[in-house]
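In what follows, one protein chain appears twice in different forms, each by itself as structure tokens: structure 1 and structure 2.
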Structure 1
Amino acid sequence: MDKIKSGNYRVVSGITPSGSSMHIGNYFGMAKPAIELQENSGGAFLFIADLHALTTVHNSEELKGNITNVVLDYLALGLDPDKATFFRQSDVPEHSLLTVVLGNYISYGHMKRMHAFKDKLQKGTNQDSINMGLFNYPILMAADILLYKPDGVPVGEDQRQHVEITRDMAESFNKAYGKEIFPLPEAVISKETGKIVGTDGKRKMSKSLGNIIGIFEDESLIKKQIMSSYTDPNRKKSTDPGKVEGNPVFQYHDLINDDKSEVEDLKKRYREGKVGDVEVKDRLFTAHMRLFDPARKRRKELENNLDLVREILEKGAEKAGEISKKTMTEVYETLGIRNQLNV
């Protein structure tokens, strides 16, 4: 963390437009820490991982909508395109070029142990029907990261394994050619917010599981998501003493509610059986609206200024392209296949 604080620290992080909009898990787990690091002089490379979304989204209108939504979400939440390099993955072809190279520096056995693949198997999907995009996802992700030679990768806990395999690919590449082309990046994962539980109280908050609390959806939907959150299952009436630890609604309060004395008061009364779940959730909804209101307003303005958004992404792709082309040239030269130069 010292290096992060000193400012000379480069980060890379992406978000997949696989759902309609960001949820609080994406925001507190990755987007917020990544946006904060845009102040660093080492630079922040933040991108929309549209090619990654192809593993699950096979409808062009849906994908287009998802991409626009996530771009607007990021900008509304405080990403400053003059500080961070903000771009779409597919606008920088080097991501795909490096993927083809890196696949040669990782074994099939190692890839089979990746959890995105194993999760599908656990959910009962037949191994032979899993698409190769999903199987290869960690290789594309390694390319996304290594192109920019970052120090750190701000991600949620679920992505730790993918940063580790990225390091393995980098190490194996460096070893094969006897030089340090790719410095090994570290995963930057917050202890407090690295794994935000879903409203089902069981699994990680995930777009695909539908156990989310959104940020930009209609108020009525956000209210519904909050009101249907899992709390203490052993509490039958509001006069029963309740459990605060491990209770998702209180975890959300800790993240969202900036009125800390209200949170402490609610926790105390909950433990004593002096407040009902409905009031605790109502206050969470009010805190949500208070915290995200400025971002929700900014997003509405941006929706009416899509030309500006396009301009931001063009500039971002240009800036990302400069660095990624340099890395790719270095990689080709190292491999001995820089044919335009060495024929």
Structure 2
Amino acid sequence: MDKIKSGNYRVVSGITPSGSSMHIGNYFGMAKPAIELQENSGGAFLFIADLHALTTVHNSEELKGNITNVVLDYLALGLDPDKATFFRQSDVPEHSLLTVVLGNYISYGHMKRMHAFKDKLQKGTNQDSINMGLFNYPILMAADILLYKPDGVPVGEDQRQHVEITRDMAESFNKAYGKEIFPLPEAVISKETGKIVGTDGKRKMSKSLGNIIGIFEDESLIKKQIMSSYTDPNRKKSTDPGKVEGNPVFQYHDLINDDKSEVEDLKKRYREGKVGDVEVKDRLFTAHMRLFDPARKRRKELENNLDLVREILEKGAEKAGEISKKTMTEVYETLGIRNQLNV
């Protein structure tokens, strides 16, 4: 991530609208790092990967809601369309056009080795039931990236392979035509935010597992989620010394609570058996409201002004389209598809 902050460094990042609401695991693991990219002077292209969502979401009303929610969430949480190019993938047809081209520069065997496909097989999914959208996911992702010729692609460690196969496709294309049409982007892995554990204290925070702490839900629901969070199972009463390390509630405090002196005091007293779980969780709820209150208010404003949201996305798609069209013209000329018969 230091490279991104160092100067003229272009980055591309996609956000898949596969869920209906954002929780703190999404925010700190994905949204916050993505939004911070906009401060990069080389340009940040942040897009809603709605075509990618089709691999798992086959309900039109659900997808409509997911797309709207993720757009509102990111804008409310600080994405600035004056600093970053923010758009919907499906509004820029060159993403699909380049996907068709790149599929000819990667082998079937290589695609079978991709994690998303292999994970499905390892979980017992019948190979014949896996849709081609999932199988071809890495090719569309490569198109998402290469259209904008970025220097880097900020991803989690689990997505490193997707950037590597993108480089393979770019290299194969360049070699076939003897010139560098596509620079080889690098995976930029953030080591600052690892897997955020859910409120059950066992698994990664996930809505499907019911172990989340929301951001934009009613205050009463968020408080309930916080108060039900797993703590130290060996602590029977508030006067027992408690364990801070690995305790999800203190992990959340480290992420959410901007009053670091309060956090350190709570940790000290918890270890000494001088503070109860209820107080620690109450302080966490207060910190949560303090951190996210501006975003919660901003989101309500945006919900009541969808014309502004549409305008933001249209302008973003227009700017992304200018670059992607230029890339596709270059690609088609290189291939020979664009020739003397074109105007």
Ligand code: AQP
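Here, rigid core means the biggest group of C-alpha atoms that superpose within 1.5 Å across both forms. Residue indices: 1-based, along structure 1. Being a predicted model, the structure only gives us computed values, none of them experimental.
- In this pair, the copy labelled structure 1 belongs to the form predicted together with this ligand.
- Once the rigid core is used as the reference frame, the Cα position of N247 differs between structures 1 and 2 by 2 Å or more.
- Relative to the superposed rigid core, D232 undergoes a CA displacement of at least 2 Å between structures 1 and 2.
- Annotation for K281: C-alpha shift of 2 angstroms or more between structures 1 and 2, rigid core superposed.
- On rigid-core superposition between structures 1 and 2, the C-alpha of S208 is found to move 5.3 angstrom.
- With the core fitted, the CA of I24 sits 2.8 Å away from its counterpart between structures 1 and 2.
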